[in-house]
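Before any questions on how it binds or moves, here is one chain, the form predicted alone, in structure tokens.
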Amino acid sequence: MKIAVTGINNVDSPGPGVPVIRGLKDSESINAEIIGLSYDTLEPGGYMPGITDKVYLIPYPSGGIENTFERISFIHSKEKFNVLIPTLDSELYGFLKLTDRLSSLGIKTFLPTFDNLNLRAKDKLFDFCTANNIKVPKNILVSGTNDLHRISSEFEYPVVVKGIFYDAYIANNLEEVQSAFKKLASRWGLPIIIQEFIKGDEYNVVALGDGSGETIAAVPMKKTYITDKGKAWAGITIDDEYLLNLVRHAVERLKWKSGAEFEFIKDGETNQYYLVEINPRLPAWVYLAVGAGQNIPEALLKLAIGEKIKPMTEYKTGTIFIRYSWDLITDIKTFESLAVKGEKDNKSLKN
């Protein structure tokens, strides 16, 4: 079997591609060749030994779905891969629009539906949670700098300023809000979300839904080290049935199809969980779930090819992940192969 995976940018704000591939490589029932789909010539996943067997450059989602489909079709004509696993938020709408055309080529996917994506979007999350009795921080949407003056009458500082796709800043006053607004609007567009700041510890749950409301897998963890970008650099699996039930309830109500990451803040004063985001793909820390006993990438792949999967409920608590940096050494000829030809064979890379 050949599997194409995106999001192999394993940098300080890593994509989920490399840990997804590691989960697939760990499978005892799947013997897969991995085709890495890279948006940049220097995405580390394209150079790491034992990760991708081949790498191809693909156009950024901003280039439009026709460019993407043309490139994917070309790669498929050479590789005849069976399954495509997109792992980045910003590419999901495009690949979802291409699902039927990909299927006609013989490429299987297991993606969220348009309803899934819309209901859990950052600008819709408050309404979804309110309708389904899930605690959520108050938020407002702003589409221009004039709207920012509403903040002082509706919130107490600090507040969280979020982009529609990625990134978030904590702002302590209007000046910091304005600065964050300009950064996020220029990078991700409008609207911008202004969210109530909840002080407490951060907890995340990686989950997999089958599209019918069933939760196939779910593993919760507490962040124990967080970077200045808000990314978990270390975390530990925990035993919290209440938190898992919140996620199962959300998956059921959404009829979620595919992997997802549920981000919670546990209020330091009330000990109540607030759902702050639902990311529509597997997170960069998904390999922690694999290490704890739930190989979620493997289960997602099996669902994509039509296999029936029984829900996984057991996992090992107290399992820790610690992310680290590693200087990977290569040579200019290896780089040139990808930069000039747009493709590179990694089978000769040594572990």
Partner chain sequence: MTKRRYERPVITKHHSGFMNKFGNSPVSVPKTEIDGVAVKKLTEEYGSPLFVISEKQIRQNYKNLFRIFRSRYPKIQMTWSYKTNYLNAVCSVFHNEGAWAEVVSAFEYDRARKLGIRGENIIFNGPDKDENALIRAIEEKAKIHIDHFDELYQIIELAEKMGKQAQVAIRVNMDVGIYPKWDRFGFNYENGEATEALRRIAINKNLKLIGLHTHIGTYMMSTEAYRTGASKLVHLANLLKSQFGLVLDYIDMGGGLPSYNTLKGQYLQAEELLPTLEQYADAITAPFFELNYSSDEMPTLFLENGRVLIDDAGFLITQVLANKRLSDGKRAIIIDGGVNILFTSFWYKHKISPAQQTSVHTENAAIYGPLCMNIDCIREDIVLPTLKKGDQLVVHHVGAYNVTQWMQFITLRPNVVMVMEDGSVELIRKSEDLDYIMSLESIPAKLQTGVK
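Treat the numbers as computed from the prediction; the structure is a model and nothing was measured. Numbering follows the first chain given and starts at 1. Under this definition, the rigid core comprises the largest set of C-alpha atoms superposing within 1.5 Å between the forms.
What comes next is about the form predicted together with the partner chain, which is not displayed.
Novice: Report whether the minimum heavy atom distance between I65 and the partner chain in the model of the complex is within 4.5 Å.
Specialist: Because a heavy atom of I65 falls inside 4.5 Å of the partner chain in the model of the complex, the answer is yes.
Novice: Verify the contact flag for E70: yes if a non-hydrogen atom of it lies within 4.5 Å of a non-hydrogen atom of the partner chain in the model of the complex, no if not.
Specialist: Within the cut-off, so yes.
Novice: Is V340 part of the interface with the partner chain in the model of the complex - any heavy atom within 4.5 Å?
Specialist: Heavy-atom contact with the partner chain at 4.5 Å: present for V340.
Novice: My question is simply whether K138 lines the interface with the partner chain in the model of the complex - judged by any non-hydrogen atom within 4.5 Å.
Specialist: Result no; K138 lies far from the partner chain in the model of the complex.
Novice: For this chain shown on its own, do D40, P59 and G189 all sit within 4.5 Å of the partner chain in the model of the complex, going by heavy atoms?
Specialist: Yes: D40, P59 and G189 each sit within 4.5 Å of the partner chain in the model of the complex.
Novice: Looking at 139-147, 228-236, 173-181, 205-213, which stretch has residues with any non-hydrogen atom within 4.5 Å of the partner chain in the model of the complex?
Specialist: In short, 139-147.
Novice: Using heavy atoms only and a 4.5 Å cut-off, determine which of N132, N82, N279, S90 is in contact with the partner chain in the model of the complex.
Specialist: Among N132, N82, N279, S90, a heavy atom within 4.5 Å of the partner chain in the model of the complex occurs only for S90.
Novice: Spell out whether the Cα of E263 moves at least 2 Å between this form and the one not shown when the two forms are superposed on their rigid core.
Specialist: The answer is no, as the C-alpha of E263 shifts between this form and the one not shown by less than 2 Å after core alignment.
Novice: D147: with the rigid core matched between this form and the one not shown, does its Cα shift 2 Å or more?
Specialist: It does, since the D147 C-alpha is displaced 2 Å or more between this form and the one not shown after the core fit.
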